[in-house]
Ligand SMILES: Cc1cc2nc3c(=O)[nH]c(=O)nc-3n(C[C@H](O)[C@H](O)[C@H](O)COP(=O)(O)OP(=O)(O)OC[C@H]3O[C@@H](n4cnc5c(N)ncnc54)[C@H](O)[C@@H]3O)c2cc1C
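Just the one chain here, laid out as C-alpha cells, in the form predicted alone.
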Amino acid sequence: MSVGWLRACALVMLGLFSVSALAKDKTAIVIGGGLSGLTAAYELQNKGWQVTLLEARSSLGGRSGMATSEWIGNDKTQPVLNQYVSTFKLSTTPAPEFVRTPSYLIDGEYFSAADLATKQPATAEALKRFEKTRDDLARSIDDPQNPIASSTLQALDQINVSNWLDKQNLPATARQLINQDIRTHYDEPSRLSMLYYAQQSRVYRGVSDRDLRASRLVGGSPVLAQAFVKQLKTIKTDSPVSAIIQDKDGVTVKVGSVGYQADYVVLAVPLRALNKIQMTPALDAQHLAAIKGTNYGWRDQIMLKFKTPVWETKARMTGEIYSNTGLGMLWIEPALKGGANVVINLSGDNARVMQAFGDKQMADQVLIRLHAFYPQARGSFTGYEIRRYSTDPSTGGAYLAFGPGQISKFWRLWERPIQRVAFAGEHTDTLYPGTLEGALRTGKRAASQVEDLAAGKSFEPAKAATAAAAGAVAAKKGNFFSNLFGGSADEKKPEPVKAPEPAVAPAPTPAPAPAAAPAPVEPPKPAAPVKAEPAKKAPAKAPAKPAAKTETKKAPAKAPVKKAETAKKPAVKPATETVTKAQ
C-alpha cells in the first residue's frame, strides 16, 4: 500500500515538473526566410528554443540569384560562411588563378589585366593611380566600425562619390570602368556617400584577391540555404507578416487574421519590407526615417543562355568582368545540360533606366551589347531569366548602400534590439553589408541578442549619430583629408577643391552570392498560433525607389487561440550572388 502511494506521489510530482518545464520553454519567431533569418532560427533552435520561421513568399533563400556556383573567400575573409560550410560538410573546389583578377570588355574587345597594361597603358595607369588614391583614403579610417569617430565625417558624409571622381581628372575609359566597378558593388556613384565608400574600402584594404576568391562553393549558396532548412522544425511560407505587437509578457505576430505568440522576435527582412509591418509600440522617428530614407543599391540580374560558348578561349569570362558599354559586371556559369550561361548584373542607373523595358526587351538590349563583342551570340542564344530585385514588392531593393548624409543619421541603428525584437539582415552589418558573410553574421548576432534579452540583459536605445565637432576643427586646421581634397586651411566647407593625383580600381570586393533551388523540405507542424482580431490594414507597399512611407497604427489586443495550420512545404529559391562584395 505504501509503495503504491509513493508511486502515485512520484507520478504527480513528475507531472508537475513536466508542466513546469514546458511552461519555461523559450519561444521565438523569426520573420524572414533569407539567409540571415535561416541562420537566426538555426542558432536559436540549437540553443533549445522553440522557433517558428515565417516567410512571406512561397520559397526560401531571400534575395538570391541565378548562379549555380559561387566564389567564396577563405577563413580570413569570410569566417562565418566557412564555419557553416564546414558544419554542413558542403563541397568546395579550389579557385583557379585566373579568376583572381578582373578583366574588361572595352569597345568590342576583351582585355585581361595584363592585356590592358600593354594595349591600353594610359587606362591601366589611371586605374593604378586611382587605386592608390582610394587606398590612401581607406588608410585614414582607423576603425571601420566607427567611421563617425573620424575627423572626416562632415567632409566625407556630405559628398557623393561622383563629385569626388570628377576631381580625379581620369581618362574617359578609366572613369567608365571605375564607375561600373562602384555601381556593381554599391550603387551609382552619384547616389553613394563618400564616407560609406571610404569605410567599405577600409574593410577590404590589404585583402588579397586570393583570400577573396579562395574556392568555389559547389551548387552555390542555395545548398547552404537548403542545409539550414533541413535543420529547422517549424517553417511557414506564404505568411506575410502585417503586424508585430509587443507587451510586457511577450510578442504577437500577425499573419492575416492569425496571430503567433512568442517571447521574442527576430526581424530579418529588408528595410523596404519592414515598411509594410505595423509595429506596436511604434518605432521612433529615427527608425522611421531610416526605413524611408536609407538608400538601397539598384540591381537586376539577367542570365543569357547559349547552346555553345561564343567567346574565345582566352576570354575566360569567369571572375569579374567589367564593361564600358553598359553591360554591367558579368561572369560565365556552365549550363547544367551543356552550353554556357552568361550572368550579368545590371546595377545603378543602368538598371534604373532599363525599368522602362519589359523582360524580353531588357534581355534584347543586353544581348545587343554582348553581340558587339561576340557576333556569334545571337545564333547560339536559347533564352533568358531575369530577376528584378529593386522592384520586387517583397524586398523593395537589392542591398544597403548609404547615400550622402545617411551614415551620420543611421549608422549602426539596427544593431540594437527594441524591447523584444532583434534585427538581422545584411543592412544591419557594419563590415559586410550586401554580402553573404554579412547576412550570416547578423543572423548569429540576433540569435545571441535574443538569448541575452531572455537572460535579463538590457540594450541601450540607439542614439542619433552626430557629426563630431573634432571633424570640423580638424578640417579647418588642414589634415590628410583637407589635403586629399585640396581644401585650404581657412576653408569652412570641406568640399573638395583641388584634385589629388588619380590613383587601381577599388580593391575587388568579395564576389556576390549565387544560389539554386534545393528540394522542398517538409517541416513539422508549427506551434499553435493564436487567432487575432482582424489586423488593421498594413501600410502600402514600399515603392522600388527609396522613398517609402511608413505608417504605424494601433494594433489590436491579444487574441484567442486558433488551431495551427500545417506549414506548407518550403522550397529554397536560388540564393543570389548577393550583391556588393561577396554575399
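Just so it is clear, the structure is predicted and the values come from calculations on it, not from any experiment. We number the residues from 1 along the sequence you see.
Absent from the display: the form predicted together with the named molecule. The rest refers to it.
Annotation: in the predicted bound form, residues A268, Q301 and G434 each come within 4.5 Å of the named molecule through at least one heavy atom. Checking F306, W414, Y389, F111 for any heavy atom within 4.5 Å of the named molecule in the predicted bound form turns up a single hit: Y389.
Contact between L127 and the named molecule in the predicted bound form is not found at the 4.5 Å heavy atom cutoff. Contact between A446 and the named molecule in the predicted bound form is not found at the 4.5 Å heavy atom cutoff.
Residue contact check for A56: one or more of its heavy atoms lie within 4.5 Å of the named molecule in the predicted bound form. Residue contact with the named molecule in the predicted bound form: D187 places no heavy atom within 4.5 Å of it.
Per the 4.5 Å heavy atom criterion, the named molecule in the predicted bound form is contacted by stretch 421-429, the sole one of 190-198, 136-144, 421-429, 160-168. Contacts to the named molecule in the predicted bound form (heavy atom within 4.5 Å) from stretch 28-63: I31, G32, G33, G34, L35, S36, G37, L54, E55, A56, R57, G61, G62, R63.
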